[in-house]
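Next comes just one chain, in structure tokens: the form predicted alone.
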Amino acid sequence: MKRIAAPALARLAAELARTHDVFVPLAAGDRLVLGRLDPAAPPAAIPWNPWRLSEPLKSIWFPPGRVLARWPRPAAPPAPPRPRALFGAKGCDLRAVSCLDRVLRDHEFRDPGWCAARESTLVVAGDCTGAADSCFCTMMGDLPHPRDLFDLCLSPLEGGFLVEAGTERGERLLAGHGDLLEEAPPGAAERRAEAREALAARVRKGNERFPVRDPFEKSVAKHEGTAIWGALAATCVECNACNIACPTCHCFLLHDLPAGEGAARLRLWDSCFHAGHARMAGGLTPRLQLTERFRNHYHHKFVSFPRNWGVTACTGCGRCVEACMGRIDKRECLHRLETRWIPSEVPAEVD
């Protein structure tokens, strides 16, 4: 296993910026967000985000307002974008990428923009070294460190980072920058494992008030016909912040705009909390009431998505908890869905 010192990591990012658009964590007030590294600037320390960034990775690979088509068609195709290098991805974000891969890549109807962005982006992930009050990855059966879908993974250690390659592309990058690396000190892997387990235990302890016994699919599905959704959605103001901040939400709508002498078709992010979401011809909508849309949000993430794609569409990143104007905590909702069960609320089956 190799180690890279913090100054050497800054040099690696600066060298990548010659051929890539490099995105690194940058301060925005009291938060860290993804920002483009200035290739003309001298190498500077890469800010370390102790937990996931404020914005999800979909903002880079599945951006809102992306132009999908133009009329009339341009005489020459646009130049392909430069490859990207992304620093600061955490385990929960990479698990979200796995969810979106199932929808946008891993079947016959592939989204070309998503696939191209995925293939041309070098992902430098990192272990979490802290946890926000809203983090609950362990409730989702996961751990606060990356396990796959990264090219390189950094683990802080004694003024530098242990470096693990997760792909052939990552191995080639390390081989091409061997002068920046050194052998890891003895016992480094063991200390990394201890730090990872200590943080996982901290996250578990922070969520002890939301004990999980049943699978979330079972907890949500059993309330298909109960009245609990009105109580859970009581403070929801339909601001859509949870969907926008969510790393796995991917609903979109198409919007046509005049563009020069022609027109352009844009893809905009949509939200299942919009009253017009899923509206059909004639103005009909299958979920007119907020409580129905609130229930659909949970049903999609914890019931239908696992049944259709094999994974839960929630990674426990906690962004929705921080973003909600109504102070709705998804952990509390899931706990209430599990522990409350009133058979009298379930409509009787009709023979």
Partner chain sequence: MGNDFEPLPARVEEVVVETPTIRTFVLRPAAPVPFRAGQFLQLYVPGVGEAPFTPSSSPSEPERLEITVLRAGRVTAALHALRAGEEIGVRGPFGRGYPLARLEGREVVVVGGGVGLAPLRSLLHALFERPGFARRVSIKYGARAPGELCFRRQYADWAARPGVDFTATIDRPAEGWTGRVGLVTTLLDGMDVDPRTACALSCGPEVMLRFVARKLVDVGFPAESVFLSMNRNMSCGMGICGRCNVGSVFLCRDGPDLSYAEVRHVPYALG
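Please read all numbers here as calculations on a predicted model, not as lab measurements. Positions refer to the first chain, counted from 1. Only the largest set of C-alpha atoms that superpose within 1.5 Å between the two forms is called the rigid core.
This protein has a second form, the form predicted together with the partner chain, left out of what is shown; the following refers to that one.
**Student:** Judged by heavy atoms and a 4.5 Å cut-off, are D111, D256 and R287 together in contact with the partner chain in the predicted bound form?
**Tutor:** Per the other structure, all of D111, D256 and R287 touch the partner chain.
**Student:** From the list A200, A189, A241, C251, which entry has a heavy atom within 4.5 Å of the partner chain in the predicted bound form?
**Tutor:** Looking at the other structure, the residue within range turns out to be C251.
**Student:** Of these, I60, V33, L68, V311, which has a heavy atom no more than 4.5 Å from the partner chain in the predicted bound form?
**Tutor:** None of the others qualify; the residue that does is L68.
**Student:** Since the chain is shown here on its own, which stretch among 154 to 162, 120 to 128, 219 to 227, 181 to 189 would lie within 4.5 Å of the partner chain in the predicted bound form, judged by heavy atoms?
**Tutor:** Residues of 219 to 227 come within 4.5 Å of the partner.
**Student:** Just to confirm, A195 within 4.5 Å of the partner chain in the predicted bound form by heavy atoms?
**Tutor:** A195 lies outside the contact set for the partner chain.
**Student:** Does H277 reach the partner chain in the predicted bound form, with heavy atoms at most 4.5 Å apart?
**Tutor:** H277 belongs to the contact set for the partner chain.
**Student:** Taking heavy atoms and a 4.5 Å cut-off, does S54 contact the partner chain in the predicted bound form?
**Tutor:** No, S54 sits far enough from the partner chain in the predicted bound form that none of its heavy atoms falls within 4.5 Å.
**Student:** Just checking whether R265 would be counted as a contact of the partner chain in the predicted bound form - the rule being heavy atoms within 4.5 angstroms.
**Tutor:** Yes, R265 is a contact residue.
**Student:** Which residues, if any, of 276 to 303 lie within 4.5 Å of the partner chain in the predicted bound form when only heavy atoms count?
**Tutor:** Residues within 4.5 Å: H277, A278, R279, M280, A281, G282, L284, P286, R287, E292, R295, N296, H299, H300, V303.
**Student:** Establish whether a shift of 2 Å or more occurs at the C-alpha of L257 between the shown form and the other one, with the two forms superposed on the rigid core.
**Tutor:** L257 C-alpha, core-superposed: shift of 2 Å or more.
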